[in-house]
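Take a look at this single chain, the form predicted alone, given in structure tokens.
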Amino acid sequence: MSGELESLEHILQTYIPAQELKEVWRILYGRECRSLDLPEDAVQAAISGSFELKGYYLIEAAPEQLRRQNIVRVGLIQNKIQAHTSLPVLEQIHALHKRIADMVEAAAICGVNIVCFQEAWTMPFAFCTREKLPWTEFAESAENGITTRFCQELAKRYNMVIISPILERDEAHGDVLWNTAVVIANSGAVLGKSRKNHIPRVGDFNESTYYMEGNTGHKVFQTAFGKIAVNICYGRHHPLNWFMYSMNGAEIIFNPSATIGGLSECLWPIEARNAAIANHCFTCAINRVGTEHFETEFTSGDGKKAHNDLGHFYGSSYVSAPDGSRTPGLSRVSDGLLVTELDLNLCRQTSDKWNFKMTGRYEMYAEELTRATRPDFQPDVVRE
């Protein structure tokens, strides 16, 4: 069933009368859902390309006297792998490049300024298998690998910032592998990279077989369309991770992920939305979709029988605003492009209203956290 249910939104639209549905959307998502009027060329591209296309407004910032509106359109792309996992590595990569090129073209038609792909988008999510080959062959340079060059061409062609999460091979430091997001400016220049800060060791998701915690900290990238950051996958479970990107000035934090039903689906609609609220910024949660089969069986070390797939990646990508509202999600079963229009002025306006950073006791937290990390730490518990 996990790979068959289209989406919660589809069920609500099917069974709830239109008048009641309007109020349901408001309660679930913080405001009435306002759809973008997307170009017919993009709609037809989605139909011919067999991917879902949705567009929403999340602007709602009040007019200001000293600042103009700061409107940005973001695009989130979720997709299945395009070639079987047993086929040659380059064939799998090129098939995904072709698929993403078509979807990015549709995003460009829709006026998208910043697009983000899912975690490790150029390959199957093989980090569950513990096998080294052929999966480490998907790793490439963040600066000049074939995928970065491919994305640079797209960025220049469409005047679009591209966030490209890949498996990185760091040849300058002994061929070390990292889970990395490459940020490419709309000029086509490589603006920089952000590595995954938190590595899961949960069942099949024992990814330290391939890479360890990142060493790039909490970089924020100043782009032509705003200040952005990339919190890769498992980092979304760590509130301080979101917080540090926000403290460095991020207006939009992207969360490219690969996560399956059963393990995390109840958390998915909550975490990025909570982070947007807590940090007065927009958050974009992207999850891959589909079930990926591998030839060699693998086990989790949890007593379950050996299996050939990790489970169903449930998609459901969405965008949240700093005021707590969010868009509906994309499908749980289909490739999709979600286009969302934001007014970045809402970040400061929400901060001025709620004052979380003004009322946060960061010096107190810093002192107590420093004490808590010491070997001789004793919890501050008062007993009778």
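Throughout, rigid core stands for the largest set of C-alpha atoms superposing within 1.5 Å between the two forms. Computed from a predicted structure; not experimentally measured. Heads up: residue numbers just count along the shown sequence, starting at 1.
Only in words, not in the display: the form predicted together with another copy of the chain, which the text now covers.
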| message | in the predicted complex, does every one of 213, 219 and 240 come within 4.5 Å of another copy of the chain, counting any heavy atom? | response | yes
| Answer option from 144, 187, 299, 296, heavy atom within 4.5 Å of another copy of the chain in the predicted complex | 187
| said: Counting any non-hydrogen atom inside 4.5 Å, which residue from 331, 340, 345, 325 sits next to another copy of the chain in the predicted complex? | reply: 325
| request: Report yes if any heavy atom of residue 265 sits within 4.5 Å of a heavy atom of another copy of the chain in the predicted complex; otherwise report no. | output: yes
| message | Taking another copy of the chain as it sits in the predicted complex, is residue 157 in contact with it (heavy atom to heavy atom, 4.5 Å or less)? | response | no
| query | Can you check whether residue 198 is within 4.5 Å of another copy of the chain in the predicted complex, heavy atom basis? | reply | yes
| field | is_contact(residue 353, another copy of the chain) in the predicted complex, heavy atom dist at most 4.5 Å | value | yes
| Okay, which stretch from 99-107, 165-173, 283-291, 201-209 lines another copy of the chain in the predicted complex, with non-hydrogen atoms inside 4.5 Å? | 201-209
| query | If you look in the predicted complex, which residues in 351-373 sit within 4.5 Å of another copy of the chain (heavy atoms)? | reply | 353, 354, 355, 356, 359, 360, 361, 362, 363, 364, 365, 366, 368, 369, 370, 372, 373
| Rigid core fitted, then: does residue 23 show a CA shift of 2 angstroms or greater between this form and the one not shown? | yes
